[in-house]
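We begin with a single chain expressed as structure tokens, specifically the form predicted alone.
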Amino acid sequence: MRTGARRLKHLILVVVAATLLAVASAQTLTIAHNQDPVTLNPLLTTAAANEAIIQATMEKLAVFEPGTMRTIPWLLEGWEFRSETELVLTLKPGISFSNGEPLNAEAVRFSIDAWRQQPVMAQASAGLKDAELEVVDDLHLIVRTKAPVPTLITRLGRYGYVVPPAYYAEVGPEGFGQAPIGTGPYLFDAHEAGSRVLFSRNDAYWRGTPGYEHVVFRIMPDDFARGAALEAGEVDIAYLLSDTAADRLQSVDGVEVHSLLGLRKFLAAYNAEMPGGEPLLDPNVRLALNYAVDVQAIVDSVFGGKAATLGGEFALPAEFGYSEVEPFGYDPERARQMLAAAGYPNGFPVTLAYTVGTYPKDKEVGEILASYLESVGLTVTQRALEWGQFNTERKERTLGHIIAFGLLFSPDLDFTFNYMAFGKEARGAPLLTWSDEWWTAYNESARTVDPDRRAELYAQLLQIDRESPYGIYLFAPYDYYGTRTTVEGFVPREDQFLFLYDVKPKD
């Protein structure tokens, strides 16, 4: 073969290879994600980062509408309360799981029952433990509770995943977490631990053909690495960037940055039950530590002002039942005086635990918290931990006397109060004892259907928690995401979930 012909053949091969690569890339949605999922079973986890991946293949009975965060039907056609304790759920017809099992009322009954049996869901399923679930026909299920559960519909929007009963029973909860099957737009292919989670298109998806043939979640804990990968065109979506990483991308051609104030709120929770935590049993000590920390300065210096300070309460305006209480403000002298009056003029030793690489700038926030606490006399031992170890020890209640982390709840303050009441049994909530006044208000709110009365009770609880705080109330940061301009249909959500059903290549 002559040289010119060989060169032409080589050029053709190069062009064909480049074209095939471009086509393959156009058919694959690659997402840079911050956490390797502990499980892919949505009935075993409440971590939004895990669920953001799981939702590629698993769906819920209802969802929260972006922007309003009101609960809207999804797999459900709708619902009707026949009384304060009887709810009729109506399913959309004609939906099947990807293995062929039908999505019917029996599947919903099975899923709710499997969900409420999990220890990690103890507080989420409060009020539903003894509920009766009656299958009427394929499309109708009746939920009868022993007492009113005013947030029942909201719980379906947060926890109402449906699993295929036969397959779930065959493989068990742990097995399902390794190979989930759902009704969603993509089919699970593989989980390469610490590296990738792979999905392929569900051509029989009930809402129509999804936009990509393949979805790849690349596990990249460092948010700058996620941003750099997006800038280089190696990924199409970067999940949860820091404000610094997002700022770098603002001027990058081919990249769009999305931001919104999310629902994840941060606190440094008190663990008075750990040996050495006795000083934290004193409400005045707990108050003093709130005055010791300049939260606004953290927001300004660490997040460039792109966060909402929580003031004197662990609540956000977007949550039902929010009401303003007096903010603490920064007053280190007052903090020292309160500590001295409580019998700790020279402070006391504490262990402060916080995550590294789980939330944007979490390590930096933890180090600054330690410096503020030391400035009022405490002797602080810092524990900076990766999420796996942090989460394990949080459940075992061995992390430290003060534990800094973020919580993302459904947009109703019942979920915050419920977590504080019962979360320590399974999820490492603050370890304190609530007053009789607190329990009286909480117990009434948990069964009060009238929204005005519930709001009044929530206001009482917020005031009690202002006077006897269960942690240092910190901030709620803005959430940042990055997408390539070749992607359309991406909608950032306040709950940090990723819904991929409408995401597709731009024409």
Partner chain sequence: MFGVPVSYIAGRLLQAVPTLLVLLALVFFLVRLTGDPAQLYLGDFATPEAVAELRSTWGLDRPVYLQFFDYVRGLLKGDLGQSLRYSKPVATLIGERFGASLGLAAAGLALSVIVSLPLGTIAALNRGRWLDNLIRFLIVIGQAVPRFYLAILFILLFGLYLRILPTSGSGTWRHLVLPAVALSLPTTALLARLTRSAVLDVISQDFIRTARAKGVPPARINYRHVLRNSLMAPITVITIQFSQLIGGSVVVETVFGWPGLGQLAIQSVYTRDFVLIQGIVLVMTLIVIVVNVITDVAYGLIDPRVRYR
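Numbering follows the first chain given and starts at 1. Note that this is a predicted model, so its numbers are computed, not measured.
If you look for the form predicted in complex with the partner chain, you will not find it shown, but the lines that follow are about it.
**Report entry** Close approach of Asn391 to the partner chain in the predicted complex, 4.5 Å, heavy atom
**Finding:** Close contact exists here: in the predicted complex, Asn391 approaches the partner chain to within 4.5 Å, heavy atoms only.
Query - 4.5 angstroms heavy atom contact with the partner chain in the predicted complex for Ile403 - result: Contact check for Ile403: no, nothing within 4.5 Å of the partner chain in the predicted complex.
Query raised in the report: Even though the partner chain is not shown here, does Pro221 get within 4.5 Å of it in the predicted complex, heavy atoms only?
Result: Contact with the partner chain, yes.
Query raised in the report: Should Gln178 be classed as touching the partner chain in the predicted complex when contacts are defined as heavy atoms within 4.5 Å?
Result: Result yes; Gln178 sits at the interface with the partner chain in the predicted complex.
**Report entry** Contacting member of Ala229, Ala342, Ile368, Leu152, with respect to the partner chain in the predicted complex [4.5 Å, heavy atom]
**Finding:** Looking at the other structure, the residue within range turns out to be Ala229.
**Report entry** Selected contact from Gly94, Pro119, Gly208, Pro275, since only one has a non-hydrogen atom within 4.5 angstroms of the partner chain in the predicted complex
**Finding:** The residue in contact is Pro119.
Report task. Choose from 373-381, 188-196, 101-109, 334-342 the stretch whose residues reach within 4.5 Å of the partner chain in the predicted complex, heavy atoms counted. Result -> That would be stretch 188-196.
**Report entry** Triple contact flag Leu44, Leu407 and Tyr419 to the partner chain in the predicted complex, non-hydrogen atom at 4.5 angstroms
**Finding:** Affirmative, all three are within 4.5 Å.
Report task. Scan 234-257 and note down the residues that get a heavy atom within 4.5 Å of the partner chain in the predicted complex; none is a fine answer too. Result -> Heavy-atom contacts within 4.5 Å come from Glu234, Arg248.
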